[in-house]
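Read on for two forms of one protein chain; each stands alone as structure tokens, with the labels structure 1 and structure 2.
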Structure 1
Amino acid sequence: MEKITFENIYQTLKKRILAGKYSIKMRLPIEDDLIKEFGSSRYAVRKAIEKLAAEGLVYSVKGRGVVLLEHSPQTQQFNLDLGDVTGVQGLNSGRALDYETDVVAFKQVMVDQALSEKTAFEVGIPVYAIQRVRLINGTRAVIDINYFNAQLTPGITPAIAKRSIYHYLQKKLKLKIAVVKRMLRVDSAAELDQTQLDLGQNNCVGNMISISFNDEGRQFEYTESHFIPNEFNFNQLIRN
């Protein structure tokens, strides 16, 4: 009889998750059921779940089990490990900077097919569509293009957007942020970037894309942070 390894368990569970087998309950079977099904050790099951979590497919919640994160082809692209970077502001945490926020657009819209393909939100749900320019030492250096699921993050206002949306979500709504998936890329500067950012001679922008999930595995945010590429430095120490 072939020995069941954690890799076998991981591959089987991953295929089931991506095929939607567990999507209705949004949870994996309990640990004891998986041990019994695969005839494996507890260590192998936990190791497989750790690997699924590292790929952003699941999230362990105390007292609730292993929760599935909503996934789509878009969200599965977001697997870049950026360490402790928590946003564009965090990219320059070592510099003395003066930050100011200018809310240039704020409205609530319904997700259509085009927006769904961009953000991974389901068609037909209401979202807050927000654009905020970050002035850093007086320079319009970053524009955040935010979409927040209005059903999961009710009550966001322009005043809250100007101060801190995340402070409102965590302190007022008590929203528990489980996982944030991020991707970094360089894009050609669009008309919005040329209008709102002090690009100078730059014809491109850095783009940090974030998709955030609550502790029930629900996606509540899609954000693109477009920034002037020569204004930011990325540093990471790798130990072998």
Structure 2
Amino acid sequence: MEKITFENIYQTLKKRILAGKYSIKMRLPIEDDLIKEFGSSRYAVRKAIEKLAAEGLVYSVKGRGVVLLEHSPQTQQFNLDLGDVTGVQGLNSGRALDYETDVVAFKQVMVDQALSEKTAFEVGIPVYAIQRVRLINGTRAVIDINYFNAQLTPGITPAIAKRSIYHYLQKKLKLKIAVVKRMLRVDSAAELDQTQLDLGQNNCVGNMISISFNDEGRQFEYTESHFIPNEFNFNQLIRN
């Protein structure tokens, strides 16, 4: 039951844009008109427009107005969802798929120098080291290589790893996932990838490296998700 004004304005404008109501002149109404229409302040209107801009629907030009970005059925797939992305779900952008998880390794280890340099965890702290293969429609499509800080995320078990670690962290531990920083790469397939993934003829993998932070600013996770080619898309928006 959110009664936030800017959110209502944002939702209304978004619906109209997607329905093509403003496309005649490729412009949004000027701020003053939106203020009058919604009976709200300039702050609320501008915040709604900023949210539309963050999503890649509009672009504001000082002195001119708020421009609509061209969109077509083909370019819809470039649009950002702004949905929160937890774990491997982020890989299947909006696709509903059957998937199964195969826990191929589960250990609790102390961080040594080498692991510290990779994960940025402090030397000596205990971490869960987990490897899980994700089968999507029967295909071994992704291997997640997780390291969780055991002090910040205690009590993870193989059974939890098979279901959903993120569900456990959020619902049971009440851990808030504040920020995830990601790096995307393409790597030559290592032995682990070749033995665990259905690569077919391909000898490379995509590699999504994620480090995740809780709402106290502490990094609780380092994860590499290696995935097979030709199946996964990642969207990005750059605004000037």
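We call the rigid core the largest set of C-alpha positions that still match within 1.5 Å between the two forms. These numbers were taken from a predicted model, which means no experiment stands behind them. Residue 1 is the first residue of structure 1, and the numbers go on in sequence order from there.
S.K.: Which of the two shown corresponds to the form predicted alone?
M.R.: It is the first structure that is the form predicted alone.
S.K.: Fitting the rigid core first, would the Cα of residue 51 be found 2 Å or more away between the two structures?
M.R.: It does shift by 2 Å or more.
S.K.: Establish whether a shift of 2 Å or more occurs at the C-alpha of residue 179 between the two structures, with the two forms superposed on the rigid core.
M.R.: No: residue 179 shifts by under 2 Å between the two structures.
S.K.: Could you check, with the core superposed, whether the Cα atom of residue 10 shifts 2 Å or more between the two structures?
M.R.: Indeed, residue 10 is displaced by 2 Å or more.
S.K.: For residue 22, what C-alpha shift in Å is seen between the two structures once the core is overlaid?
M.R.: Value for residue 22 between the two structures: 48.1 Å of C-alpha shift.
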